[in-house]
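Read the single chain below, which is given as structure tokens and is the form predicted alone.
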Amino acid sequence: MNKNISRIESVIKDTLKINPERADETQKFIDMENSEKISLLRKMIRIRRFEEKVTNYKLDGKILGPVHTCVGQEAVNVGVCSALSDHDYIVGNHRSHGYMIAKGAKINLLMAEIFGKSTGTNGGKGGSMHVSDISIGSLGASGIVGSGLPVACGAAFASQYKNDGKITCVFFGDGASNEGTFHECMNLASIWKLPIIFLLENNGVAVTTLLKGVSASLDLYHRAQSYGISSKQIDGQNVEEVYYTVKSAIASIKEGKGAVLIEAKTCRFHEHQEGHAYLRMSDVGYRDKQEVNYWIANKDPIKLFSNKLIAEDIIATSEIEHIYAEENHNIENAIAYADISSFPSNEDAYSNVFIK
């Protein structure tokens, strides 16, 4: 057993190894105020509680359509979106609830959308996999692997053309990094020096396909260098590191240096998709259960950051418990709002299809 734990620790350390050549991002910016650090923690807790509730309701059959949660990956969601400004753009993928919440989406409307209700951010037409909200700079999400990359390049080109100062950040996984759109968009972004951040969430598994089975290298940030794009690899379980790295990328882009790729090493704690049938995927043995349990016990981003803030006397355990209680209450209210909201009418199927 001890040998297994030692092996798993070695795997985790290798997974989280960071590019030794990269500069210390935290030295480039004034440290965050304590209140800002507590805000990062609160956002991660809000996302975790939101996703846990969504999971339960999906299992109860109260949510229609596919549901993909980001449990375990909250530090990436919060670190990135907290570094972006309100007017900056994000383009998500099939696992987008966390980005939306971190960017400022109203959880009542987001929950209603996932429930397919007319009061949702997209009038109930998008559901879990296609959530978006233009009011917070979210340009949409899609279940088509790698499909957000060209959309993000288009948004970045528009910002460059209009000189409006906006940054676009596109989220995608290790699976999408093997799609043709990834390479095409990296080349395009490099040639045009687009104001875009490619945020690669490398959780080491695309559905049930392990990265090591489809890639000669487990470190994907090197691929950007082939296109002359600056790239960094970071610990995706460390919300502060994510935040400061994105801040550095934004500064570089605003200096006219072009696109940046950030590879965040992380772990998907849940299965690819929530629901009875997909829960059985864990039985096929595509992931080492001990390794996943090790991540959950030792690399939970919320636990790591909570312990750090407590050790630095920034927050007390009782205050964290109070945050959990408040966010539980907020999520319950969101559930209640979604529950009493009506489904779209038949006529709504023809609204917002074309721009007049």
Partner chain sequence: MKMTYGTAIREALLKELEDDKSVVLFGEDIQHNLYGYTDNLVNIFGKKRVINTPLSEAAIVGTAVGAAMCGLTTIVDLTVANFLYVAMDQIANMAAKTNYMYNGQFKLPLTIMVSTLYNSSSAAQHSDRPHPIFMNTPGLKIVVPSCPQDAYSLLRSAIVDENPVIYFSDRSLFYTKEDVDVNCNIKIGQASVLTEGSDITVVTISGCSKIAMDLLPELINENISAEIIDVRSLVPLDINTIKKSVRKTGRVVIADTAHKSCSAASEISSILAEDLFYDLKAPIGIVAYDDVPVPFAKNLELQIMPTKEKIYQKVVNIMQFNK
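Positions refer to the first chain, counted from 1. Being a predicted model, the structure only gives us computed values, none of them experimental.
Unshown form predicted together with its partner chain; subsequent notes refer to it.
Look up in the model of the complex whether residue 253 has a non-hydrogen atom within 4.5 angstroms of its partner chain, and give yes or no. Residue 253 lies outside the contact set for its partner chain.
Classify residue 113 as contacting or not contacting its partner chain in the model of the complex by the rule of any non-hydrogen atom within 4.5 angstroms, answering yes or no. Within the cut-off, so yes.
Is there a heavy atom of residue 348 no more than 4.5 Å from a heavy atom of its partner chain in the model of the complex? Contact with its partner chain, yes.
Closest heavy atom of residue 314 to its partner chain in the model of the complex, within 4.5 Å or not? The answer is no: residue 314 has no heavy atom within 4.5 Å of its partner chain.
Looking at 193, 270, 106, 125, which has any heavy atom no more than 4.5 Å from its partner chain in the model of the complex? Contact check passes for 125.
Within 4.5 Å of its partner chain in the model of the complex, all of 138, 187 and 209 (non-hydrogen atom): Heavy-atom distance to its partner chain in the model of the complex: all three under 4.5 Å.
Spot the stretch among 72 to 80, 238 to 246, 258 to 266, 172 to 180 with residues whose non-hydrogen atoms come within 4.5 Å of its partner chain in the model of the complex. Looking at the other structure, the answer is 172 to 180.
Taking its partner chain as it sits in the model of the complex, which residues of 63 to 99 have a non-hydrogen atom within 4.5 Å of it? Please list them. In sequence order, 64, 65, 66, 89 come within 4.5 Å of the partner.
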